[in-house]
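The chain below stands alone, shown as C-alpha cells; this is the form predicted on its own.
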C-alpha cells in the first residue's frame, strides 16, 4: 500500500459514481491503506487543496464529495482520466473498536461518509451494528443501501419526513438507548448533532467517539488552524476522532468553531 506523505502525488480518476444529485464518489488509481476516520488532502490543480474523508481504501482510494463551493464544484466538473493531487492518509486519532460487540453509528448528512470504513471494519470483526442515517430530506440521504448491504441495521430519519422517521437522528438515538445497550456510539455529522449525541451517551453511560471538522491548511499538525480550545489538541494530528473524555471539555463544542483566519465563529452564523 502507498502512503503519499507529505507532498501531493498525482493520481488519475478511474471512475466517478453519482451518489445523489450533488454528491459524487471519485475512485482513484492509487492504492492506500487507511484506518477508519482518516482523511486525505486533495489538491485540485489551479484551484485549491481541501481535506476529504476516505470512503474506500485498499487497491483503489475513493473519496466522496458533496458540491459546496468553488473547489468541490471544480471536482464535480472533472472527468475520468483527469488528475488530482493526493497526500496522506492523515489523522492519528481514529475510531477504536477494541472490545466492542454491539455499537451504534449516528450519521448526519455528509457525516455518513466518515463512517463507511468503520462499518466495514466492524463487519470484519463480527461486531453487531445499528445505524441511524439522518438527512434534511429524502434526496440528500447518503449510503443507506451501502450500509444495509454491509450488514448494518439501518434507521432513516429526515427533518421533513420525506423518508423514514420524521425528525432528528438524535431523537431516534434517545429512544434506542432506553431499550438497547451499546458498547459505544460513533458519530459524524453536524457538530450540533454530535453535541446532542455526546450528552445522550454521557446520560446513559455509553462511550461516544466523534469525528470533528475544523479548518485545515496543512493536515499534519504544523499550522495550528485546527487546534481545539482549551487543550490545544489538533484535529488533523491528534484526531480527527475524539472520545468522550476529550469531547466533554472542548470549548464551544456544538456551538463554536474558528474560521480560516483563526477568529471564533458560531455554527449558527455559518448555516
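Computed from a predicted model, the values in this text were never measured in an experiment. Numbering follows the first chain given and starts at 1.
Heads up, the form predicted together with a small molecule isn't pictured, but that's what we're talking about next.
Original post:
Looking at 26 to 34, 242 to 250, 60 to 68, 201 to 209, which lies within 4.5 angstroms of the small molecule in the model of the complex, counting heavy atoms?
Top reply: Result for this chain: 60 to 68.
Subject >> Exercise: residue 216 in contact with the small molecule in the model of the complex, heavy atom 4.5 Å >> reply: Result yes; residue 216 sits at the interface with the small molecule in the model of the complex.
Subject >> Close approach of residue 51 to the small molecule in the model of the complex, 4.5 Å, heavy atom >> reply: Residue 51: yes, in contact with the small molecule in the model of the complex.
Original post:
If you check in the model of the complex, is residue 113 within 4.5 Å of the small molecule, heavy atoms only?
Top reply: Because a heavy atom of residue 113 falls inside 4.5 Å of the small molecule in the model of the complex, the answer is yes.
Original post:
Can residue 94 be called a contact residue for the small molecule in the model of the complex at 4.5 Å between heavy atoms?
Top reply: Taking the distances in the model of the complex, the answer for residue 94 is no, it never comes within 4.5 Å of the small molecule.
**OP:** Could you work out which of 170, 72, 140, 195 is the residue within 4.5 angstroms of the small molecule in the model of the complex, going by heavy atoms?
**Re:** Selected option: 72.
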